[in-house]
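Two forms, one protein chain; structure tokens for each follow separately as structure 1 and structure 2.
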Structure 1
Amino acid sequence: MSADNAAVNPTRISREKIDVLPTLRDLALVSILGWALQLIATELTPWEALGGMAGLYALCAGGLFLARFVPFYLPSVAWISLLGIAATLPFTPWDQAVLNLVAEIDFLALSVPCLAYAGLAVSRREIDVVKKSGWKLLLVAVFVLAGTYLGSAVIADVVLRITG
């Protein structure tokens, strides 16, 4: 979620340079945090929660490897998403096994560590940007974000009503 890559290499979206080992390590750290949160958020036993987090960890690790080594570019989160789909398609022999592991994992609790890191990562530069941009840009930004959401919701709603 850093703009640095974009700023350094503006002419094209640069391929992520993934350091596999440190990434897998940090992924393990956030998975441990996620495991602790599952114990608070769900009725899962510690072992069930561990199985669920391990399953998700495997999908993430697989996605990282694909992003790193497949010869064309897709962001690692897109690979992870695609692997998650491939692991749970109903006509595959393995979908029930995967779902048994991860189905009861609470997705909302999974998102909490990310935002804690994001809050701690706010840099002086970002605060300067907000101060310098002033209230006008702040106001416009609110309308941009709200407008995107509203725009998509309106189009989706109309198309759904037409196509039934």
Structure 2
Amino acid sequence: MSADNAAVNPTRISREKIDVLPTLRDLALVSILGWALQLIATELTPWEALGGMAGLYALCAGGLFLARFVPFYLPSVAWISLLGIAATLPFTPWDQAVLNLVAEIDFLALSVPCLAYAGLAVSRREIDVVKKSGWKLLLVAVFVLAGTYLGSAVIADVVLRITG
């Protein structure tokens, strides 16, 4: 990404500005928190949970390095997803090893720190957007949440009636 693109689109972070080591440190802290949540939410032993979290950390670290050093741009989440897919393709010799590491990890428990971070990561720019949008944004949010809730309830009711 050139400096001109950064000036046009200030929300996009330049690849050169992403520091790999602090990100890996933060990822390690989140992994430790995820490990503790695995011990609370599942019946995994500490070593089983550690193996699963270490496998996920390795996938995330690999995706982060790819996002930083590959000569074309893809967001790190895309690299991490592609690396996870590549690591578990059924025709690869290591697919069962990777799957055995992460199969027992409760991904719902892992979502807790992600959601907490998302809740804390509201930036000043987003607050400015909310201030500019005013009551219209609140109205849209209420309709979206109500529609999602009602749609989910209708789908669940139909599925429960079909399956008995």
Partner chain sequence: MRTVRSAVSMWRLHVAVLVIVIAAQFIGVQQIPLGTGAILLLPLLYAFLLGVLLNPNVISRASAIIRQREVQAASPIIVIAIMPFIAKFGTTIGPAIEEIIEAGPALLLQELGNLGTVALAFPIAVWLLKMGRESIGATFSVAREPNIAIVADRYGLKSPEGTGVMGVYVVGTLFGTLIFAVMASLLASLDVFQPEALAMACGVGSGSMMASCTGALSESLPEMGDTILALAGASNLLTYATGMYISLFVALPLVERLYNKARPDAAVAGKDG
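Numbers given to residues start at 1 and step along the sequence of structure 1. We call the rigid core the largest set of C-alpha positions that still match within 1.5 Å between the two forms. Nothing here was measured: the structure is a model prediction, and the numbers come from that model.
Two forms of the same chain are shown on their own. Structure 2 is the form predicted on its own. Core-superposed comparison between structure 1 and structure 2: the C-alpha position of G119 differs by no less than 2 Å. After superposition on the rigid core, the Cα of V129 moves by 2 Å or more between structure 1 and structure 2. Residue displacement note: A141 has its CA displaced by at least 2 Å between structure 1 and structure 2 (rigid core superposed). The two forms, fitted on their core, place the C-alpha of V158 16.0 Å apart, compared between structure 1 and structure 2.
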